[in-house]
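Two forms of a single protein chain come next, each set out by itself as structure tokens; they are called structure 1 and structure 2.
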Structure 1
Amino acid sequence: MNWSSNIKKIFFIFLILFFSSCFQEKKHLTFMVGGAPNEVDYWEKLIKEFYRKTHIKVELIRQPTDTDQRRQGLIIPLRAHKSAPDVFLMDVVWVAQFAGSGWLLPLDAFIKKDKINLGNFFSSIINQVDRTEQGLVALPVYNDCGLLYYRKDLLDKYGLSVPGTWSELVTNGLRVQTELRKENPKFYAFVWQGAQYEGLVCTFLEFATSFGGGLLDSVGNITIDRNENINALKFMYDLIHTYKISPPNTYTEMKEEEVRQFFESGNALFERNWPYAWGMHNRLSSPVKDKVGVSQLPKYPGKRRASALGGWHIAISKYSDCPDKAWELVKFIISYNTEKALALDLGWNPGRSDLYDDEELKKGIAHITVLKRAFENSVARPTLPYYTGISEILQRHLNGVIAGREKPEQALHDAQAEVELVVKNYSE
């Protein structure tokens, strides 16, 4: 009787071990990613290719297109210390918050072990975004930045050049606007993002940096209230109210798509927008197809050009229960071939700098040299865990100025004081 009981116990233990083993064999990576439906479908294709090469199974956790929803969808499992997702993409402005919360696994040991050459990436982007107090916590997959689009047919018609400075943009803009207003009263020289949202902070960062200012000083302190920034903000106000080359609804309605559609309708000479607009302007149904050129944004004489940095970076969760396999997926995604495929098939701007010298990409992306220079001159928004609070303060005051509700000097003084309070509260 005892012998039979023991046999049953042994058999039961065997079953537990057997099914436990099966479960472990079924363990797979999870990769959380969102975006447009065609982009998520493409990720499905890539992880199948990854499986064929490595025999590592990956479950794709689909996220929505909306960026805020994607961010929240990541924060919930990370805050709960869940093992899934193992790998995920982050907007550049999330990296500091996620790293500061201790959610990201440092990649330095993996980089060293596999001798990954970080020189194949834009060093300015790596240093501004991915290097934190915790180490190297992410790597760029897709880069984004602000660009100047222009109607090359109109510049040629009036014998004008692409502006290298902001004063040239105003002068050339007024010349064309004056002529075209005779037949088209809706025509404006320059459209840009001025509504009260994150895009306004990006636009201001470009103006401010190109005027010699910016949001941080040389040692990383937040310095909103300084003369260069005040002058840049005055100029933004003047574009609408003094020179009147930007439409009055700049501060009420103008976001990326509103700006793109306005320019694409034929009612603007210059447009500040992200690289995605190039493909939209040159699709078959576009009224401005083959009439558009693209350049870096202008600057103040003697200062530097600047493009606000955007894009998506890849990271591994600190709570992943299979970090070595997760790294294999990261390594596959940041590889030359995968990022090239993303560029050719989705039109993504590679995170790798060496791809901007690829002959096939040069033939396929006419403005790739412009993109490379713009990324070399890119400026990241403050990589701070409490950046969201800073952005909300800036959005409110910047929009107040260009709408005429606030004066530049007082607005930036007040913004500085409010931001310092955010920093103090976070530190405590």
Structure 2
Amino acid sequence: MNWSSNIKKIFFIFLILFFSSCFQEKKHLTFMVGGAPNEVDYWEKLIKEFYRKTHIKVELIRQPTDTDQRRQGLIIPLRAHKSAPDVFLMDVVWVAQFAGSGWLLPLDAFIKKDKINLGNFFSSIINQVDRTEQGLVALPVYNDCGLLYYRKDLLDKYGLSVPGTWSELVTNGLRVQTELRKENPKFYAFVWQGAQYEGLVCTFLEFATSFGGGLLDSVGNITIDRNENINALKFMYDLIHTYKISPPNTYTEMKEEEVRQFFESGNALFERNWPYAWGMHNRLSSPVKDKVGVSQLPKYPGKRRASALGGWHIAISKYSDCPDKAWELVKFIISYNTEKALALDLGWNPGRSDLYDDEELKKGIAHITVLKRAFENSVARPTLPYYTGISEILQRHLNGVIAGREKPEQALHDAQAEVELVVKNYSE
């Protein structure tokens, strides 16, 4: 009797130990990624392909489109040293902060072991972004740069050309808007990202640089309150309040997806967006399919064209409990074939430089030269560990101006003073 109850006890203890060990052990790799819904669906497809090749199971943790929300979603588990997510994509502007916080696993040993040729990537980006004091901590999956999308059917109908300057964009825009408003009161000539979030810093950087200004001076100091920047910000205000060719919800709601959907609904002539919008505009169910053209963003006469340099880089968490498997996933994603598929199917600008000579890609993406030129004319946001602090100040004042709450000159003076304080606090 005693003997059999002991056996039962041992059996139960064994069962408890067995199940608790099952629950403790992480069963698969976790990969955190966001973006437009079609992009996240595409990742689902890719991880299935990865499983077929490697038998490594990956669980996708879906994130929203907004870059600021994605950052928050990642910072929480990383600060808590959680092992999930093992792998994630980072906006190009977070890499310095994540590396500085010690959250990223250096990839140098893996790269050496698998003889990955870094010469197949853009060295300027690798050196500026991914190579940090902690080692090489990330690799580029795609490079973003701001583009101008336009309705070629409408420009043709009114005999207008693609605007090369901002004033042409206003003139051509007003012409078409006046005509179309007769039937459609919701029509606006130009939609762009103006909500209070990171995307607004990107659009401002483009306007500012193409007006002859920018965020950094020739020696790399942050100079926000110069005249060209004030004029550019005034122009952003005018688009909404003076020319009235951009809708009032530009400053309350317009992020990438809102802008894309507005343009796709047929209610806009011009749109500022990233390369991903091309694939969406031309999908089978898109109302503007085959009616869209793409070019570089306009500029101020005599000044340079400018596209904000964006992009997403892949990294492994320092707290991953399966770094070898995680590396297999990274290797698969940054491979020639995967980045090529991402470019062909989603319209992304490959992070690998060797893909720009790919014949199939040249044929498959008719506007590849536009992408290449925009990339050549791209301007980076400062790569600083405290960039988020600077961005938050800019977002608040820029949005204040385009919403009519602040005056351009005062707003940029205030932003300059606040940013200097952040820089000072950080350098102390």
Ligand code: GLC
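Here, a residue number simply tells you its place in the sequence of structure 1, counted from 1. Between two forms, the rigid core is the largest collection of C-alphas that superpose within 1.5 Å. Small disclaimer: the values here were computed from a predicted structure and weren't measured.
Remark: structure 2 matches the stated condition (the form predicted in complex with the named molecule). Put simply, the chain has two rigid parts that turn between the two structures, and the hinge between them is at N143, picked from V33, N143, A208, N172. Superposition of the larger rigid part on its C-alpha atoms leaves the smaller part rotated by 29 degrees between the two structures.
Superposed on the rigid core, the forms differ at D114: its CA is offset by 11.6 Å between the two structures.
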